[in-house]
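Shown next as structure tokens: one chain only, the form predicted alone.
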Amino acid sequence: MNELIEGLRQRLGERVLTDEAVRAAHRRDTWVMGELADLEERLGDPPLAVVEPESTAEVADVLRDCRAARIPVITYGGGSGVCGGVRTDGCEVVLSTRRLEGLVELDARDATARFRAGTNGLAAEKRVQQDGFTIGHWPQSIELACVGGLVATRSAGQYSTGYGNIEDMLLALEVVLPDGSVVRTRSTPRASAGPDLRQLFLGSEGTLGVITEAAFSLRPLPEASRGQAFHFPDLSAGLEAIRRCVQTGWTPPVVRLYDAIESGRQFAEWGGEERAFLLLLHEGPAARVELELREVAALCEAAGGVAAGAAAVDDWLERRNHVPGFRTFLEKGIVVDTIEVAATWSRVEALYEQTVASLNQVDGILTASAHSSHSYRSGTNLYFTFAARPEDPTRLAEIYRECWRRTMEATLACGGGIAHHHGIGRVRRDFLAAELGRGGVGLLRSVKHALDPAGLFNPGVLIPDGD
């Protein structure tokens, strides 16, 4: 191990960090179970070292050295993942993308921008706005997450219904493979040159290589932006309004429907108490925004919606990313998490009802609720929230796993998809086989083995163990 560290120091100098505090800060992401393990002082050992390459060539050198020494590599971006995608046990090298930062090029005529993978998501958005553009990707973690992590977790943003998700914006990638070779996809608007290699790394969660650059197709900043809100007698009526809206062809970037529990918690002053509450934000050319505003309002009213005023949208925009940390709850003996899944329109209501009913059977459950925040022509997502306080605080991890198991099983039973945008990590890994089937998992393992035969890249993440 010392030989590897010394070899890395010869390449990177002081950018090979072995200070205890630095290594400890890179032991985990923000997964609830990582937070709990940290709180209970049972988190795994810190990595052997944290390395900070400044170029693609340096990334390639680090990967070759680690592969030769058979030392696992965990890529660390902003550390904002919530599924256990980063967790060390003392035998790994953590490769930080912190110094792989900044804009590489921006082409205003083509409306494209290429960033290095360690660029902060909000910094990237602010940079393109200087030239009159937006990436349009607004995950709740945007102030923490980096560009490479957004791609590696196949993320979705709060404006996805109009602007799409990360895969809809991604134009090209540069990736360093485990053997140190570099793959660069071409920046073309579309290609039919065999399978799309970008898709191989979207959602790969650091298991197949290190993303070093990402190029995006941009949009001009909107000329106009208008919000409106409606409350509905129940979630079903609100879902029907959204279905009619998107299938008609209207695409407001923000379409968020909260069930009665979440509406009462967040929007009671706008008539949301004991009713489902729908937020809509319309953006684009002013004439289109005005037309869409009227037409979508008519669809909502026809589905039983009652207008609640645009002030609710302004309030949400102001506080949308302000959420308390998990530790605040854990210290009070409460375990809290969110679980995002997806289903077609014909299945989503049963998925909601069965999941909430199942969660309400958990010992110590305080609340089980959901909202929809990403919708498509053929279906929508559900973002479940649960909170539980078991009488015995030593059961927090057990209760947490039970809530996740019940949600995953209900989703699979209803024909839904077990992950919409947070990825798999460790928390969903054991349910992936039920989602992909034996053939799908076998294919994924074959790809992993072809690129990383020794299994050194982010071991324990994404790919299920066993047969």
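Here the structure is a predicted model, which is why all the values come from computation and not from measurement. Each residue number is its position in the shown sequence, starting from 1.
One more form of this protein exists, namely the form predicted together with a further copy of the same chain; it is left out here, but the text below deals with it.
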{"query": "Option touching a further copy of the same chain, based on a heavy atom within 4.5 Å in the predicted complex, out of Thr367, Gln129, Thr338, Ser378", "finding": "Ser378"}
{"query": "Of Asp89, Asp107, Glu301, Asp234, the one that lies within 4.5 Å of a further copy of the same chain in the predicted complex (heavy atoms)", "finding": "Asp107"}
{"query": "Candidate stretches 399-407, 413-421, 57-65, 38-46, one within 4.5 Å of a further copy of the same chain in the predicted complex by heavy atom", "finding": "413-421"}
{"query": "4.5 Å heavy atom contact, Thr188 and a further copy of the same chain in the predicted complex", "finding": "yes"}
{"query": "Ile166: touches a further copy of the same chain in the predicted complex, heavy atom cutoff 4.5 angstroms", "finding": "yes"}
{"query": "Partner contact for Arg226 in the predicted complex: a further copy of the same chain, 4.5 angstroms, heavy atom", "finding": "no"}
{"query": "Close approach of Val82 to a further copy of the same chain in the predicted complex, 4.5 Å, heavy atom", "finding": "no"}
{"query": "Triple contact flag Leu17, Thr75 and Thr212 to a further copy of the same chain in the predicted complex, non-hydrogen atom at 4.5 angstroms", "finding": "no"}
{"query": "Stretch 422-453: residues contacting a further copy of the same chain in the predicted complex, 4.5 Å heavy atom cut-off", "finding": "Ile424, Leu432, Ala434, Glu435, Leu436, Gly439, Gly440, Leu443, Leu444, Ser446, Val447, Ala450, Leu451"}
